[in-house]
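There is one chain below, alone, in structure tokens, taken in the form predicted alone.
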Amino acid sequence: MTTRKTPLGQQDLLQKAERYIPGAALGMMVLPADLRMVMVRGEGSKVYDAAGKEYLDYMLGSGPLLLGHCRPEVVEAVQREAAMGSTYFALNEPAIRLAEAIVEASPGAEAIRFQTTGSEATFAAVRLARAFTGRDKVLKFEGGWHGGHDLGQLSGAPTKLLPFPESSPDCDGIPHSACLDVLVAPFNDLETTVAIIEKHHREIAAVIVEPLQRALKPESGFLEGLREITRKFGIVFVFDEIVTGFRLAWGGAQERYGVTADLVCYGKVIGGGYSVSAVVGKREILQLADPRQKGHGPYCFLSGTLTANPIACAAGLATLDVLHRPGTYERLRVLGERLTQGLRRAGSQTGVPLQVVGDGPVLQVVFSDAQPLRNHRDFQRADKKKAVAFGHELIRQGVYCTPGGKLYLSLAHSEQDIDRTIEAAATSLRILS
């Protein structure tokens, strides 16, 4: 017999978290003592903690909830699928239908292989590239984020700036040997990147890039130049669209910036808040993951217990159905522009030098008056402590976000939400100044 336990208050929950979870954190973000909370529910553009406080949400689960929390179409799809079964480790209808939708939306794509997390998708893309080319090295861009595996944790957030193309670990536990196979170049610097590739092209399997690196737009010609040089040397060109996929446009960053990659990594949005990711692209590369290849030619193992989970795929399908409606991306861009201009205006009115970078529904406030912001080293010269403090003040004002990081917008955000956020930002800036 089981009995229902009395719900715990926020402070009791925080104490248990301190006892059992290192840092009382599920990821990288640790808030000051007065801001620590336990989230209990979300609705539309808002989340609520265990103490009953409401926040406008610009975290959105680190980006997956482009429709906002508890979108009725997604909730209904999940409930319907969960009532039929949780997982099968086998082909299922939602996975097949989601595969069709993603491949047809992704420019130039011919095939897909599902994974479960964004980190797994980028790892799978690199493994496929190595299997396809027979080479080992990968070129990435300083400040580019590709997940939690060894490649993703090399020069993703470096504080020690090494000469290019050397890479440095962002955390302990990464073997020195991993650094030997990763070359690093500066984002938006095509000349330096091309020089590195020309020198090492016989060893490079893949060039992987966030087409919108964190919140930095690619300069005109940069992605086009990468496409040209990788094609010249038979290097697999990988777009990490875990963030930008189905967010910047129906066809993601490939559509938005007019450049097509060989492999594209999707995550976040395609699961609608549930765990599913994918690698999409050329059939000749993805065919290496066909289990029938093993023992009969090049073969690349890609599998997982919860890969293409039917509930996650059903949530993803419902999400894409909503996103495909007319006017969706126009609205996201209008909301993004409204918030961008409001934040810039708040900085100007309070006399705090800041810039707002990003594209559409992905923004970041950077405390710097240096122009332009092109790459990670420009970001390093900005006032990061002020950016984090600004984020803390926003949370105190009821705006939930990643302090010092990106702001994600959703279709659930209203014009009134944006205006309330701008007011909170102005208040926060006055406190900081």
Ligand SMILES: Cc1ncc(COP(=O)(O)O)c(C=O)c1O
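Note that residue numbering follows the sequence shown and begins at 1. Just so it is clear, the structure is predicted and the values come from calculations on it, not from any experiment.
Although not depicted, the form predicted in complex with this ligand is the subject of the following passage.
In the predicted complex, this ligand stays beyond 4.5 Å of every heavy atom belonging to Glu81. Proximity of Trp145 to this ligand in the predicted complex: non-hydrogen atoms within 4.5 Å are present. When this ligand is considered in the predicted complex, Lys217 lies well away from it, no heavy atom lying within 4.5 Å. Shown alone here, Val243 lies within 4.5 Å of this ligand in the predicted complex, counting heavy atoms only. Not one of Gly252, Arg333 and Asp359 places a heavy atom within 4.5 Å of this ligand in the predicted complex. Proximity to this ligand in the predicted complex, taken as heavy atoms within 4.5 Å, picks out 235-243 from the listed stretches 157-165, 351-359, 308-316, 235-243. Residue Thr117 is the only one of Thr133, Thr117, Thr328, Thr260 with a heavy atom lying within 4.5 Å of this ligand in the predicted complex. Counting a residue when any of its non-hydrogen atoms is within 4.5 Å of this ligand in the predicted complex, the one hit in 193-212 is Glu210.
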